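Structure 1 and structure 2, given next as structure tokens, are two forms of the same protein chain, each shown alone.
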Structure 1
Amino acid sequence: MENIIELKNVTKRFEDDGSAAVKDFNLSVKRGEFVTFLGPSGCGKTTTLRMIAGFDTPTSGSILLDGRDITALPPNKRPINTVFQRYALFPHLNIYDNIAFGLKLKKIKEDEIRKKVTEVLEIVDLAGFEKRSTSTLSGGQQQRVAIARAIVNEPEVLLLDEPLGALDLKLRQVMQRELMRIKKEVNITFIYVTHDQGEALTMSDRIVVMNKGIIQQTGDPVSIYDEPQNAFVADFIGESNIIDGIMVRDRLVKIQGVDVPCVDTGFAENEAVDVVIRPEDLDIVEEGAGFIDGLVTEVIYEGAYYDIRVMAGDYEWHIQSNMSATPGKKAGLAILPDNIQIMHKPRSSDEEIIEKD
């Protein structure tokens, strides 16, 4: 697939103090792709989206659409539409007129408008609701109207800035599936902003994990979850045990003073590293049967698994297991070598990406 959007060395600095909201951002988005910008509040994801939309201008760098530089192009000249968390529907207009508003501004003929609006109402599953007032709609229905109003203009790129943030959990899950369905039907390029890891993993073709204005990792959901490239990604995507270790040699790491086999290579001997282990990859075993023993401090039944905490030395391990344990008793922890992720320690302030807040 060809690239539709390219961001090249894009930096955005605040005018008041010169600090960077986005630093040297490089990304190519393929036509028809669903790309999600994921990260904590203040990481630069919405600022990046606004620069693509044309609402903000980069301090340096360039933004290309189909190979054409649009960095200085105003929003109304870009074939790009944006759906915000606050849908900004016109309360005095019914659903039909809300959706048709942009087409009427373009002075498109009424019969063509009617045809386009009817088509998108079918796509967002609101056929027959044309005359309804937007004030009578649920949050999910309002969100569908906002999406319909955006896609009726047939943009090449649809930007979505946390559009599900105001919805309750069950409705949010329903709308995630709806967005995926709509994306397949209209074949528009989606660029989506969220801080919700589950949302990103569920919906995306590709995820761009951001922190402090810097891309931490880009990849498909499986690689982002299973092969995080640094401790921030491992900590932010899902849950992880992140503990200091020493890479004794290739395929052997020292964790809390214990040599544990792993599969990683290419580190210096005795290099200080971050060791990342997912809670679901740890097994509770009999005392002495694992790589380390500890005291079970907490067991919570979560339905699909038991959420268990085990204190070993000065670190409390987090385990998710289908086997329970007894609080106050000793237990061992076991791990397969290929379930251990070894990462280099940060070498600079830009790589110091674990949140200290």
Structure 2
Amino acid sequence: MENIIELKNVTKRFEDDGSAAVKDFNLSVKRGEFVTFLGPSGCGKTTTLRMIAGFDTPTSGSILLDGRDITALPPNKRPINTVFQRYALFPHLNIYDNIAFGLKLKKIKEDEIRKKVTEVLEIVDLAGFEKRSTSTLSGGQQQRVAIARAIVNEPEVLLLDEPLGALDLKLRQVMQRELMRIKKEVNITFIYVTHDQGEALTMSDRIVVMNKGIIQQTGDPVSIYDEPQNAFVADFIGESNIIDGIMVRDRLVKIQGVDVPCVDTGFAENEAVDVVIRPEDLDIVEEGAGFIDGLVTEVIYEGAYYDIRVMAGDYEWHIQSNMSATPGKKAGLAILPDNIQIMHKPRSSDEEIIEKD
């Protein structure tokens, strides 16, 4: 598949203090792909999206669309459309005129416009809403109009800036499925921005995890979840036990003074590392039967599993297990070697990315 969007060494510095919102960002997005920028607020994901849309200009680097440099092109000249977090509908126009806004600017014939608007209203499940005013719509409906207003122009790329952020949980889940369906129906490249890891894992073909303006990891949802490349990604995607360890040799790591077999290789001998273990990968066993013992401090029944805390040494382990435990009693923790993730320590707090292989 060919690349539709390419970002090459894109850096964006803030004008007031010169600090970088996005640092040396490199990414290629393939035609038809659903790519999500995921990260905490202030990680540079929205700034990157705004540079692709044309609202912000990179301080350095270039943005290519279909191989053509569009870095200096204003937003109105880019075949890219955006769905905004707060919908940004035109309150002085009805639904029909909101959706027809882009088509009218392109001087398309009125009956052609009518046809396209009717079609797109059907896609977003709002057939018959043409004459309604935007203020009579619920949040979910307004967001559908915003999506329709963007996709009716058949853009090369659709940018979505936390489009579900203003909706409540239930509606958000419905809209996630809707978006995936719409994506399939219109077959446009989607670049999606969110801070919600669940949303990213559910919808994306590929996730770009960002922090402090730097890509932390790029990969499909499964690899991002199962093989986080550093402590930040592990912590941000799902819950994790992240604990200091020492790589004794290949396939053996020392955790809290105990040697534990693992599957990782290629680290220096006795290198200080971050050990990442998902709560659901830990098992509660009899005292002495696991790799480490600790005091059970808390057990909460969560329905599908028990959420258990075990204090061992100075670290409180987080376990999600279908086996319960008794608070105040000692218990052991067991783990399978391939459920242990070993990571290099970040070289500095600012530069937390470590390319593996």
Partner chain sequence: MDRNRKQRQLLALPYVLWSIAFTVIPLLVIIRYAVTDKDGHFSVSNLLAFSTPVNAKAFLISLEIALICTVICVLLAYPLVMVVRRLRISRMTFMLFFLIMPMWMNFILRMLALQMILSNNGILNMIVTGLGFQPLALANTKAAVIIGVVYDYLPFMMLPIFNTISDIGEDVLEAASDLGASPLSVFFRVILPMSLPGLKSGITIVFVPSMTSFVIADILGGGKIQLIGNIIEQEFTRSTNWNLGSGLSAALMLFMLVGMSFTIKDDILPSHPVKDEEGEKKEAPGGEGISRRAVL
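These numbers were taken from a predicted model, which means no experiment stands behind them. The term rigid core refers to the maximal set of C-alpha atoms that superpose within 1.5 Å between the two forms. Numbers given to residues start at 1 and step along the sequence of structure 1.
Looking at the condition given, the form predicted alone, one finds it describes the source of structure 1 alone. Relative to the superposed rigid core, the position of the CA of Lys254 differs between the two structures by less than 2 Å.
Once the cores line up, the CA of Arg132 ends up 2 angstroms or more apart between the two structures.
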